[in-house]
Ligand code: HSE
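Single chain ahead, written as structure tokens, the form predicted alone.
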């Protein structure tokens, strides 16, 4: 097999993981690496600060983008495809917003666009949706796809307040200095939009869905939930309705022992519900080498001439609410709960309702799923 030449856009944590992983691959050479400043790296690396050294280099076969952010990454990916180069990217922001456009461009230019690493880091979830699980109708996808919120919620369960848990996550490298995409739920929403596009052929802009983060969650809530036999994680769910899709990202309560409550740090878990049952895929959702595993897998898929995803005709479907139950309890454990029919009560001190209550001072409510 002939040598494949790679142009690498970015040399952060993931970029370094890709460079290390490719150093063990035969017949794959990193031709150029785009960085902002060459002074921070070893002189023997093939560095450049000019993206044209990659986009206009006829020797480069595949452009690997691990820069993150929408621009200039989106512009660079478009230019690479137009130059006849295949693209592998980990950029969930770009794929969530421009996925159909980039897929169309790749087909028009007879190139390949792969983005396994954009969802779940090292989890082979997109490959499973594309090939293995497509043989049966898919009804729903849900999962925990953000390690930052796992870490923060786990720390808060131990008694740490939100700001302290966030600061610790930043100090340990689990959270960015600007953590808003993670804690406000948008990182999870972008990944869910990509999963929805491949599973249901409906590309949802994350801004259109119901997205709630964890910044309002208090340590006292989590500790009280634990005493009641429950725990919480930030969960995304998209489900097929007869004429619409339900799409939600929100802090969700589960009984202790649920698989989501065992997830800490960068661990992710995604469940795909189909006629064949529920398929679970779990593993490291972030990290340099974990994410590099998915990127190198995409590179090898292109090298071995395995066909890309078949052209998808994306449909327009309206978005609907998901009819979850709601676990409701009083902020003050001694506060009398609102008068609600006895049939809706599900244990001492809390209620499980099939609908959200109107906001009322002193009451706390979270989505609840028993399975």
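Note that the structure is predicted; figures quoted are calculated from it, not measured. Positions refer to the first chain, counted from 1. Rigid core (definition): largest C-alpha set, two forms, superposition within 1.5 Å.
Not pictured, yet referred to below: the form predicted together with the ligand.
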> in the predicted complex, which of the listed residues (174, 247, 203, 115) lies with a heavy atom within 4.5 Å of the ligand?
Replying inline: 174
> the ligand isn't shown here, but in the predicted complex which of 217, 102, 286, 273 has a heavy atom within 4.5 Å of it?
Replying inline: 286
> Wondering, does residue 148 line up within 4.5 Å of the ligand in the predicted complex on heavy atoms?
Replying inline: yes
> Does the ligand get within 4.5 angstroms of any non-hydrogen atom of residue 92 in the predicted complex?
Replying inline: yes
> So in the predicted complex, does any heavy atom of residue 190 sit within 4.5 Å of the ligand?
Replying inline: no
> Quick one: is residue 182 in contact with the ligand in the predicted complex, heavy atoms, 4.5 Å cut-off?
Replying inline: yes
> Among 233 to 241, 203 to 211, 182 to 190, 155 to 163, which stretch has residues whose heavy atoms lie within 4.5 Å of the ligand in the predicted complex?
Replying inline: 182 to 190
> residue 178: CA shift of at least 2 Å between the shown form and the other one after core fit?
Replying inline: yes
